[in-house]
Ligand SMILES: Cc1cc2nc3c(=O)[nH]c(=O)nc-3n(C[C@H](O)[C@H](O)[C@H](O)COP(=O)(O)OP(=O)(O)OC[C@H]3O[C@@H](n4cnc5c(N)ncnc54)[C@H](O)[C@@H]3O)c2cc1C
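Here's a solo chain for you in structure tokens, the form predicted alone.
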């Protein structure tokens, strides 16, 4: 089975019920859900799949400890509902692609006995809300236990801490797994396809066709569709105004900056939750694929396709890392940085411009434009992508198709079925670990494309490049380095070295 652009472009000769704009987590989720409900689906993405917010997350599958705290303090039912939904989705994400998502222990350090009591109660509530979907029960720790079990944590002034569990995921590859499964079931999925315009009905002004350009070839396509879903995250308002210029903006963008350090700066596989900073944020220190991820920030931002980290953000994150880590780091130790822009939904338009992004609820809303019938899914977070997709399809079926919603089947639909992995016994251990981590059951197939290393000391293979073009829709080196392998976001120097090895294999 292949998953490449030439095969997908041939499918454009078919007819489609639903066109989805946006190939991130939410768009991918809508594509899979709609395909399972029996619809003919076309998904187009302007760049590479998950190339914006969905690959630049903090890599957590979580309910949101901070949101639960806000829900309790402010008696905010909306915040509580969002935490409840996210907590009950964690296990589903882990179950449906176990080689891409897995449990992660997080330690919350405490510096007063009141903090120990406060956070212990909070994590107990976190567990209780999870119910039968809880990953593992939290537990309180003394200072001595932290010193013994978690030597990476600076122990000065510690009184103890609380260990709890959320999940971690390879976000870019998880989105790709959803898309590959949607395509396997019949969807047409195309990256580097830029939406240009909508063709509206003369009387109803409802969207009748989508017009987009294949930016690899320059060819334009005009495709008749019965409904359109706008799943473009931070860019939602641009698509909304394209369908109906009279629609008012609904989105606000916040920036989440991250720095990455070499693994030597954080021992062990347990993450750290820094529960409060001087400006009211939460920061995570997370072991991540042989590196250490430190983030994130939460500041209002201007919409951009290429957000870059600021010097003050680097200094801010390093300073907090050094307060809590036994091994100190400097700015020159940073191996990579990245910034993701969160799509935050403005509920109260009148007061939105004066709203702090840290206080905006990370929940979602499905909107249907009364004129064009464009369906926009706005807000949300990675952990609830499946619920967002289901809500989107339910609303689309009720409002646009005027029918009773078909049952959602994604909860128990495994994205990557488990099967025996066939790898040679003599395969080097680092290559084996690399292939299993990224490709799971397909590791043997990937290895069959060739065992030549691109660099002598690294596990990345020349044969993988052929596989990635033929089976994973990779078009450019950046697709490979940033999202299929995820190197650009962890080790910028290694990404540059790899880019120099087989550059002719991909057009820049």
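The model shown is predicted, which means the values in this text are computed figures rather than measured ones. Residue numbers count along the first chain shown, from 1.
If you look for the form predicted together with the named molecule, you will not find it shown, but the lines that follow are about it.
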Find out whether any non-hydrogen atom of residue 126 is located within 4.5 angstroms of the named molecule in the model of the complex, and reply yes or no. no
Classify residue 328 as contacting or not contacting the named molecule in the model of the complex by the rule of any non-hydrogen atom within 4.5 angstroms, answering yes or no. no
Can you check whether residue 342 is within 4.5 Å of the named molecule in the model of the complex, heavy atom basis? yes
Do residue 116 and the named molecule share at least one heavy atom pair within 4.5 Å in the model of the complex? no
Of the candidate stretches 410-418, 329-337, 224-232, 137-145, the one with residues having heavy atoms within 4.5 Å of the named molecule in the model of the complex is 224-232
Please tell me whether the candidate spot formed by 260, 486 and 499 is one where all three residues come within 4.5 Å of the named molecule in the model of the complex (heavy atoms). no
Pick from 110, 396, 100, 193: which has a non-hydrogen atom within 4.5 Å of the named molecule in the model of the complex? 193
Please identify the residue among 443, 482, 42, 60 with any heavy atom within 4.5 Å of the named molecule in the model of the complex. 60
From first to last in sequence, which residues of 9-28 have any non-hydrogen atom within 4.5 angstroms of the named molecule in the model of the complex? 21, 22, 23, 24, 25, 26, 27
